[in-house]
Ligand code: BDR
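Take a look at this single chain, the form predicted alone, given in structure tokens.
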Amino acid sequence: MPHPIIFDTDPGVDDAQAIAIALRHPDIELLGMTTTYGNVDVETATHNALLLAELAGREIPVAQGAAAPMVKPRHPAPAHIHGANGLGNIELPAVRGRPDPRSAAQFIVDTVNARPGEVTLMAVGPVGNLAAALQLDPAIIDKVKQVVIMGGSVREGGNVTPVAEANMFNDPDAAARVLTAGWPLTLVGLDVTHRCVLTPAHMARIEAGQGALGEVLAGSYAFYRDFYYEFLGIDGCCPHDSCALAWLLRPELFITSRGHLTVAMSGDAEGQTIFAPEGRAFIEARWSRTPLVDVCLGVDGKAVSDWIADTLA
């Protein structure tokens, strides 16, 4: 049976790769995409989500969501990483489709309520849409099948601050709400995504296998690869968002640990995800006050990267 998923996204080069997997993989039933600011502004995210589905020849509902964080001011989008258009500043064809008239949060609530116990929410950007859905209908906590979040970092350190990963830092207040809501949750963060590298050889296979969509994936990858060479000294890119799908479909490639998560909402540690392993006593009980979740701490990075390329080739 395929996994019915809602994909919450801010496309974004690595988002585009993950969306291509979600559109193509036979074990995924993509119920819709919800969009958020993050890598780009939310209007650009919606445009890109519609475009990627059209290039794949699919009609998928796309509902526009959060334009800014819940509390803090919005930082400018990182055009030096993803390009001003989110897809490496390459020329993009026009979009024919229109977004769903509902907000992202309403789309999530409606879809989960229509199929209780079935839907996986997968968020690969700032998680404001999930926080807003919880605000609209807290009962979805008991109706989702599971929630998979690409974000955070436990042992790896941060990528936008010394301790914070970008999605968590972009909206730490929403992250604190979503990661501690009490629904079945798995965090797929930098501890595993930085172990995975999509190489130029992988991308050549993907470009050949994806037609018009492949051209966009390869063109945007070239821009992203330059950033990674400068930032991490690797020849390729970390396919962060695709790793969340890899965890869903190939969980045996990951090592997870169960425990309690909190998110720092202010100060120098703003956006840091703090993980207290289950059963471990610390100096105060407060580190273990939040509901138990699963956190990915280990991965077979080569196997995941090869799986991404095999799926899209």
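Quantities reported herein were computed from a predicted structural model and do not represent experimental measurements. Sequential numbering from 1, following the sequence displayed.
Not on display, but discussed next: the form predicted together with the named molecule.
Though the partner is left out of this view, residue 124 does reach within 4.5 Å of the named molecule in the model of the complex, counting heavy atoms only. When contacts are judged by a 4.5 Å heavy atom cut-off, residue 210 does not count as touching the named molecule in the model of the complex. Shown alone here, residue 171 lies farther than 4.5 Å from the named molecule in the model of the complex, counting heavy atoms only. Residue contact check for residue 120: none of its heavy atoms lie within 4.5 Å of the named molecule in the model of the complex. Stretch-level contact analysis of 175-183, 237-245, 137-145, 91-99 against the named molecule in the model of the complex, using heavy atoms and a 4.5 Å limit, identifies 237-245. Put simply, of 217, 108, 190, 198 only one has a heavy atom within 4.5 Å of the named molecule in the model of the complex, and it is 190. With contact defined as any non-hydrogen atom lying within 4.5 angstroms of the named molecule in the model of the complex, the contacting residues in 144-183 are 150, 159, 165, 166, 167, given in sequence order.
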